[in-house]
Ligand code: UGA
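Here you get one chain, nothing else, as structure tokens; it is the form predicted on its own.
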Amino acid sequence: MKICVVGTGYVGLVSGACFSEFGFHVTCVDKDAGIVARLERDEIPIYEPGLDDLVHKNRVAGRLDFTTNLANSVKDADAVFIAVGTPSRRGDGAADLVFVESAAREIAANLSGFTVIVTKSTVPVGTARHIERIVRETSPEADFAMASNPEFLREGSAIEDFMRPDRVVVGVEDERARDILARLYRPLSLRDAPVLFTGLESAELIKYAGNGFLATKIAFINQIADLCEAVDADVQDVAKGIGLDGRIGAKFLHPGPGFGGSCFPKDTRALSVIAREAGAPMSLVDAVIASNDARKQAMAKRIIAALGGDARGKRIGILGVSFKPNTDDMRESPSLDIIPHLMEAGADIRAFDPAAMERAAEMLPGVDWQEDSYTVAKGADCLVILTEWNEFRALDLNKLSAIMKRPLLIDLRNIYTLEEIAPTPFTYHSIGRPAALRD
């Protein structure tokens, strides 16, 4: 079978590379000739552990190609995956389908023989039907069927998530299309990965419902962390205590400066719009969005408070600016709210991130970027951990405190324990712990 993937962004590139690893021939299409040229030179435009080796291996084996020629790629394909961006639309937060619609029209004009058109992008409920209408209007005689196959890839572990998924969701109503997609995912079903076949609308909603629920868990534990501080409880004990309940689970119960990234902020906003337009508004999701926005601002205020309530002229060292470790993705990262707030308060910001500084420099003008954690800390009035990169977990705390102007560590990810901090000169602030553990 031959597969065409339209879009070489995060979802398209990872999915295409993984499908080729299964032994299928995959052609990834992108309008940007520069990106295609880079991929043909094994230059990966995103940071994702293991992706460069996977792309190189399958490209050399002749199973993975990159091109700007959508027409030829679609004509030869048994399945065409739409994996273009669906950013939040300005004004109302709904998913913007302009790229999806454009791809659908181009695909429709080049169909040959029976083809499954699959939405891999995160799209609102009803999009598969909408694409079907576009294709019918563009090519009335086309022989095709629609399917929805949402992705559940976590940045930093995307290849593992694709190869060993919790589940694969396929929305499809045509038996021929179902057979093709079952064959595509047979390598996973042979490993007992659950493959759930549903209707189109259910598949589209599963993605939003899943991300909405996980975002809710994060917002919930952040508010519990605030309560823990007020009553001298330890949020890590509370999280462990409720996470051991099989109905709740331990994942996504880690307090921090708020969620970010390419999915949760965008998808919660889109889910809210979908629900309102369907006449079934979700006040809980609206509250999660508002809580997360407020969380980021509250963290900036917390840093200023730790400095005595005045950041003017203070040098603040920032460790980590990407929204999570093992990615260079800066989309909706808490750092994009927290750092500007600190700069507006008069602080001088030095920062280091193992992967995201090139992207971040364009989004955070005025930040003094450094080569490692220790140069960030030198002469700083405080050091703030914003992203829990592994290399920040084993810093020489005594060395850090000795080169800082003031040994003040603000750990917004709780990556250190009181036992680790106690022998050092640091004044330590963390999230959701009793006063004795916070400072």
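Just count from 1 along the sequence shown to find any residue number. All values reported here derive from a predicted model rather than from experimental measurement.
In what follows, reference is made to the form predicted together with the ligand, a form of this protein that is not presented.
- Under a 4.5 angstroms non-hydrogen atom cutoff, the ligand in the model of the complex lacks residue 269 among its neighbouring residues.
- In the model of the complex, the ligand lies within 4.5 Å of some heavy atom of residue 259.
- In the model of the complex, the ligand sits within 4.5 Å of a heavy atom of residue 151.
- Although the partner is absent here, residue 264 is a contact residue: one of its heavy atoms lies within 4.5 angstroms of the ligand in the model of the complex.
- Taking a 4.5 Å heavy atom cutoff to the ligand in the model of the complex, the contact residue among 324, 350, 359, 314 is 324.
- 211 is the sole member of 110, 211, 236, 291 with a non-hydrogen atom lying within 4.5 angstroms of the ligand in the model of the complex.
- Checking 337-345, 249-257, 110-118, 76-84 against the ligand in the model of the complex, the stretch whose residues place heavy atoms within 4.5 Å of it is 249-257.
- The putative spot formed by 130, 204 and 273 is not touched by the ligand in the model of the complex; no residue has a non-hydrogen atom within 4.5 angstroms of it.
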